[in-house]
Structure formats: structure tokens, C-alpha cells
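Just one chain follows, in the form predicted alone, and it is written as C-alpha cells.
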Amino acid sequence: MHRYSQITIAIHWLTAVLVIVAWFTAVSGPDARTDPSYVHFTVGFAVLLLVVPRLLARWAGAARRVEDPQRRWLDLAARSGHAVLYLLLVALPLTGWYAASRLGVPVSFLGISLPSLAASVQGAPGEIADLHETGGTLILWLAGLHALIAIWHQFALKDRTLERMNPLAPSDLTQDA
């Protein structure tokens, strides 16, 4: 069993916290135009910035996949679930940035103004904004399912999978870069 690096673990948990903060600071409807949540924009953009090193580390093989020839369906389900989570971690900040642009709300990250991704409109920002809102709820459900599956692996299958991402796990697991 191979652990993720401490940096990968930190980015994982920071991303999880930021997704939750983004969900709780979201503003929709007319309030999004008149009283936008700059905390939501900042946190969402931080998620986008954090997903880049996560994907690079994943593609570089930061931790070996655990494969069980007897349970190939688990491997396929895990890879599919992670792909959807990563897709949402990229798509949600981009669709939020687009929706803010359509609302005419200036977007900045830590005081740096970001360019508008679309022209401002007077009416509703459109389908992309609706998808952003739905995706925000979907990512919480999927992240919750992800956590439940990790707990199931740990306690039902007893394969120590949860310990790979636990920053406080015993050091008897081999650590990958």
C-alpha cells in the first residue's frame, strides 16, 4: 500500500474544504448581480488553481493505483468517480466565472482583476449559470459518496485505502513522491 505525498494530501483536504466553503457562500438569483459573493469567487478560483497540480501529480503517478484482479468493477468505478469529480473541479469554477461575467460582476482573485469571459446581459445569465448551480450541489453529493466509499474500503474491505489520504496515518505505509 502506497501513501500519497504530504503535499498531495494537503491539496486534497484544502480542496475539499474550499468546495464546502464555496457551496456555503454561493449566492443565486437577483442577489448574485446586486450583492455578489466575492468570497465565493475567490474560493472557486482557488479550487481551479489547486486542481492543476492535483491533475499533474495524478498523471505523473504520485501514488500507485490499487488494483484487485478479483474486483475490476471497483477499479473502474473508482476511476470513473474520480474523473467526474475532477471534471467538476474544473468545470464549476469556469462556469461560475462565465456566469459572473454574464451578470456583469467583476471577478478578482486576491485583488487581481480577472478578464470577463463573456459579454454582460441584462436578463438571466443563461444555461451555463444554471449548470453551475446544479453542478455545485452535485459535487457535494459526489464528494460525500466518495467519503462513504473510502470509509467502506477502510472498515468493510479492510484494505487501508483511507489511510493513503490521511495526513495522520501511521508511517508504516510506503510513501510515494
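As the structure is a prediction and not an experimental result, all values here were calculated from the model. The numbering used is simple: start at 1 and walk along the sequence shown.
Same protein, other form: the form predicted in complex with a small molecule, not shown, and the subject of what follows.
> If you check in the predicted complex, is H82 within 4.5 Å of the small molecule, heavy atoms only?
Answer yes; at least one heavy atom of H82 falls within 4.5 Å of the small molecule in the predicted complex.
> Flag I9 as yes or no: does it have a non-hydrogen atom within 4.5 angstroms of any non-hydrogen atom of the small molecule in the predicted complex?
Answer no; every heavy atom of I9 is more than 4.5 Å from the small molecule in the predicted complex.
> When the contact criterion is heavy atoms within 4.5 Å, does L50 count as touching the small molecule in the predicted complex?
Output for L50 is no: heavy atoms all beyond 4.5 Å of the small molecule.
> May I ask you to state whether A118 is within 4.5 Å of the small molecule in the predicted complex, using heavy atom distances?
No.
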